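As structure tokens, the next two blocks hold two forms of the same chain, structure 1 and structure 2.
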Structure 1
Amino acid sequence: MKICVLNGSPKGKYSVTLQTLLYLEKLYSAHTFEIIHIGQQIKNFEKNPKDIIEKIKNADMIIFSYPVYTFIAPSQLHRFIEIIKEEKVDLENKFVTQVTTSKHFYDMTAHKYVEDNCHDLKMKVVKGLSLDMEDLTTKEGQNSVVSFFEYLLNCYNNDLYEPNPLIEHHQVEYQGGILEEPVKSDKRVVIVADIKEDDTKLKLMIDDFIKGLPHQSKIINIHEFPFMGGCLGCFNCAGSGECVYKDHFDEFLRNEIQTNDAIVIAFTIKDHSMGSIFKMYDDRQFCNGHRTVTEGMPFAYIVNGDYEIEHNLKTIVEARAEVGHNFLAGVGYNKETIEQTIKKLDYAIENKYVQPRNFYGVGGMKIFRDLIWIMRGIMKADHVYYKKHGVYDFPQKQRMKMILMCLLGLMVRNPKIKKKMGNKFNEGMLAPYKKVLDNLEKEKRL
């Protein structure tokens, strides 16, 4: 496969983000990677865009590589996209994704910006990879990069991509009928649904989803669960995890829902949300406190209604998956998206696929981390869980890094030392990444 890497960093070859693509280039030598430093060379591109445009058009896959700058992408990448549109470059049906590095501060708005523009160009968008700046220097981060690329190849080979959210449709019709019913595996998927008697369309969507899913499945209709009431916020469950209500919802949640291999949520949009019953279901899950007890489990949604225009609901759906560290396989709201969601959910179940958290997840968990640390006296179950799972990753623990930053700060503030340093600062930043790339090269030789 011919892969065109559009490096949007103004630092060119000194881009930290680019090191991830160089890692993939070394690891996947069967594929051709062509790196174009569009961020650094934007002025040249403005004067003569023809050559670069031809390279982009000849690629099978385009990967945007860039650091997140102030909520979105660097201005150079903005300008690049402007030129692509001004030149009316035909990239229809071209596969595209992105890789970013940041500290996860609104990385999702940066990704959304690129995705929206790619959808304008009618490209086939695969959800990108958002990395912490240091992820590639760790084994876990390297595994995430490899896992992402394997997922990317799977999407390319099976024509899987994110639906275009910019298409306007307010009257949502659903023509049912999954074409083929596959052989069912022994993996278990639970469909948690709020199904009322008149929900004919939602029932049809769920039936088609079950028929097309290559795994065992069961429906739990929470509309029929004997809830005694909504969460009282009484903190009775804080220590023991047991709810003050005697309707046994906490046991039901843990034994019937959380023991499966994947969870699918199905509902009809009501008042721009999932409806009061589902809100009760969500609130009552506070019997788990702030513990991400389903971490790593893939999630999916079946939604009856005009989901595409409910932007806040879409943000909530994504944020819930990110905070829980669950791969969101998709949201099925028509025949095409249901079929795509089934295929992506199947891949996630079989390969235990999960991406690193983006800002929604990282930011949310840091808020929880600080909250539980302060409230550990009362939120005992959360405190024990957070200690066991390493959630207490406070920055003040990184004493050596803080000392190093102080020393570097003294050096860069000294004009004479700064002048002598020249480009060594950039080279020093890339040293740990170079070590990773060199080690990979050594391993390949053995």
Structure 2
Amino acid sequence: MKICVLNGSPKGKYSVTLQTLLYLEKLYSAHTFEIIHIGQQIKNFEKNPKDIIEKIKNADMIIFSYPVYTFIAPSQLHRFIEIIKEEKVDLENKFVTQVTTSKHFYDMTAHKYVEDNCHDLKMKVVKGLSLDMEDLTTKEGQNSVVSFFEYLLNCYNNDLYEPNPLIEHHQVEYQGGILEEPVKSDKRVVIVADIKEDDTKLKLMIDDFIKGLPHQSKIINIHEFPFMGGCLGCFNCAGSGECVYKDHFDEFLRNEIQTNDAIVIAFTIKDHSMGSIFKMYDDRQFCNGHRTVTEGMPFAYIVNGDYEIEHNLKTIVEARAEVGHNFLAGVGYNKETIEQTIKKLDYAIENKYVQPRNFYGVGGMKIFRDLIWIMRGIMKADHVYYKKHGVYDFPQKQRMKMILMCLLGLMVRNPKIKKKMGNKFNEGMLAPYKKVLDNLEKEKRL
């Protein structure tokens, strides 16, 4: 079988993910592996896509090999997918799969993004492999790589693949016309947008949003920001927070965006995501490491496109807010949702409203907590922040609670004591809550 490996890591041959593909190449010599460093060479591919497209078309199987970057794939891979679609490359019925490495932080949304795009191209998608960065160095990890490849061969030989959900997109109309124009407070809202010259609909949605918003606002069009390139994954920023690029994005982010009272993100849906420019903006925020520097600040979105049916994008939007601990006031994609979003955002700004994190946030932060603890030697800026903000809430610190649970365990395992206890166990569990309720008597609200 002729396998074409599309290496989406900006690190090229230094990619950790690529090592898994090299492992398979050594092990399965009956198959040929052609490796193309699309992540590292995206600028060349933009200029001359023909040769690479030819190689892709000639392959029997395509394997996307890439690192998970900020909930999805590196911006360079987003750009690659954009070009493949712009060039209308015919990949119908070609087998495709993916291998990623990450810390499993939102690896599933990355996989779904690639799957959705391959389904758009009518390809035969085989469920990919999501590895932890270090898996290949363990016997267990190596076994899972081999079983994955055997599964892949079986799928190829027997024409087995994932069903195409055949998402039908609808043109969502927007006539505009927010009626109310309220008095503006002195609170400041920044609208970070990716607005292309001809994107009249998104412009209209943003104009209406600004009109209806009872606060000061400014638009930052990241389409015009002189990005020198996408995140390179070089980890230069890990210690100091400073990026290797000299385009001053880190200062711009800290001074122009993070200093406001709320952040609104505005984009047109592209290839089931926010498009490669916005992805570049997201990835480059790695200069903030894993620090939730906008914690508590309300977020909202203005989205041009059929947002209703983009389930993976919805997960990403919600999860980003949850991990960052930002109240997601809403996503405006038509007149009604824009008006609702304005009102909820206004409430959140005025009342500094934020909810406790849900599973997306709690789960995500536990992965970060453990990761930074292990990597604190290099991730200095994150470590200092996590210590200061009490992110290191390891359960083994709760000694008293553990001793109490052991005692309780002993008691409930003894039938005599258990019988005597009767309802005491439940009462004991509720004791701290009862105290809260009793104290409340003094402090009543209308």
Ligand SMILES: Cc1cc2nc3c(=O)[nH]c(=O)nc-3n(C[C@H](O)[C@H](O)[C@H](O)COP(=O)(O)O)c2cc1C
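What we label the rigid core is the largest C-alpha set whose atoms superpose within 1.5 Å from one form to the other. All figures in this text were calculated on a predicted structure; none of them were measured in a lab. Along the sequence of structure 1, residues get numbers from 1 upward.
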item	value
Of structures 1 and 2, the form predicted together with this ligand	2
Large Cα shift (2 Å or above) at F267 between structure 1 and structure 2, core-fitted	no
Per-residue C-alpha change between structure 1 and structure 2, K94, threshold 2 Å, rigid core fit	yes
Core-superposed C-alpha of Y392 shifting 2 Å or more between structure 1 and structure 2	no
